[in-house]
Ligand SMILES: NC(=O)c1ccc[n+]([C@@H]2O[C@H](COP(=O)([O-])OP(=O)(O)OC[C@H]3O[C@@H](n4cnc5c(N)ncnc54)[C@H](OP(=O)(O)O)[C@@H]3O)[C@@H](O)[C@H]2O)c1
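As structure tokens, one chain now follows by itself in the form predicted on its own.
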Amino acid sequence: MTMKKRVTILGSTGSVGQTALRLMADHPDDFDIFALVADSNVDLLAQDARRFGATFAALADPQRHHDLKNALAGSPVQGVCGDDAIAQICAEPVDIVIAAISGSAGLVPTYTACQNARVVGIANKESLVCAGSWIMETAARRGTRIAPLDSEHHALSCLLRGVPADQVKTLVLTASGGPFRTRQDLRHITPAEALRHPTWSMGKKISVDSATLMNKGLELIEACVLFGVDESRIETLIHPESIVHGLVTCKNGGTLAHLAPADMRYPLRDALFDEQRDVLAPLSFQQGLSLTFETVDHKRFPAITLARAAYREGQAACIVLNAANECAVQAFLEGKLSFLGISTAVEEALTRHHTQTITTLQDVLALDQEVRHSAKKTLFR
């Protein structure tokens, strides 16, 4: 009998975590949930922990410990709260960790998971943007397989398995273009409009990032880290249908494309079923398929240009880019900043914070907090 895989999900109440749980629910004989970790959604966390028989349910918010205990009363699930508790959970050896905590809050848990899990499925791109070299080096040293869960990086990882490294010319990340792809006047966009993504169902922060195309800028840096290539060899392309998730152009002139439905279960499958089991239906061509591609309008959407500049400047600039963007997106969602002001705030932060050497993870966290403190004084007055 095949042994069940022991799984921890960081960010279990978010869109990626919920999709992972639905996929695992279809294959109950394959998985054993060790821990579910969430930010503050007590009810959903407790409900899922009970349903899947998790050993631990953990909340980042220590103020909700009493609420979590009450929600889990009468069940064998152990409820814990706070960063220290989450760190202990991530230090527990498991087969698979799904790292889907949004934002830089996922950095330390993801880094710790890479030291203790056989497979880490990374949906937290911010951890790779801010501390990618350490995460990749740690995973390589510990024999941990990194499974990218962004559809674009999953697509590229699949394509690159079949192409010798010395034959790869460029990597292409595709983007849906977000809800404002054809909208010329971006001055009066509301948060509600920015959250209406045309293709994907996602959380608020990543939905706004997709609208500004900062999501693609962060993914560009992530691709540099994951695949060991310079940003000059990575291109971006608008593809509104979100069917072609990545392309690899070869030196012989040919281009390989990865096509799949716009469904997070496909990259999750490769993290959860590492033997590539046939658990999902392939893309159907029977009813016809139309594919269109457009160049990115970098003047209207400067985020990718900012991300390239940050990558060229170095790790500290990437940390500044990420932290400033998170603060700016939050300010926009709270009605304190315009849509166009998001990229402006990020650019100003990159100018304001001088380049510095990052030698430890504590340096990463310190600079992250410095940028946030500065941004909050400016944006949340």
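Note that residue numbering begins at 1 and tracks the sequence as displayed. Everything numeric here is computed off the predicted structure, so don't read it as measured data.
There is another form of this protein, the form predicted in complex with the named molecule, and it is not shown here; the text below is about that form.
Residues placing heavy atoms within 4.5 Å of the named molecule in the predicted complex fall in a single listed stretch, namely 124 to 132, out of 296 to 304, 278 to 286, 181 to 189, 124 to 132. Not one of 170, 242 and 256 comes within 4.5 Å of the named molecule in the predicted complex, counting any heavy atom. Among residues of the shown chain, residue 225 is not one whose heavy atoms approach the named molecule to within 4.5 Å in the predicted complex.
Contact annotation: residue 16 falls within 4.5 Å of the named molecule in the predicted complex, judged by heavy atom distances. Using a 4.5 angstroms limit between non-hydrogen atoms, residue 38 touches the named molecule in the predicted complex. The named molecule in the predicted complex comes within 4.5 Å of a heavy atom belonging to residue 60. Contact with the named molecule in the predicted complex, defined as a heavy atom within 4.5 Å, holds for exactly one of 208, 77, 271, 101, namely 101. When you look in the predicted complex, the only residue of 88, 115, 232, 201 with a non-hydrogen atom within 4.5 Å of the named molecule is 201. Taking the named molecule as positioned in the predicted complex, none of the residues of 309 to 339 brings a heavy atom within 4.5 Å of it.
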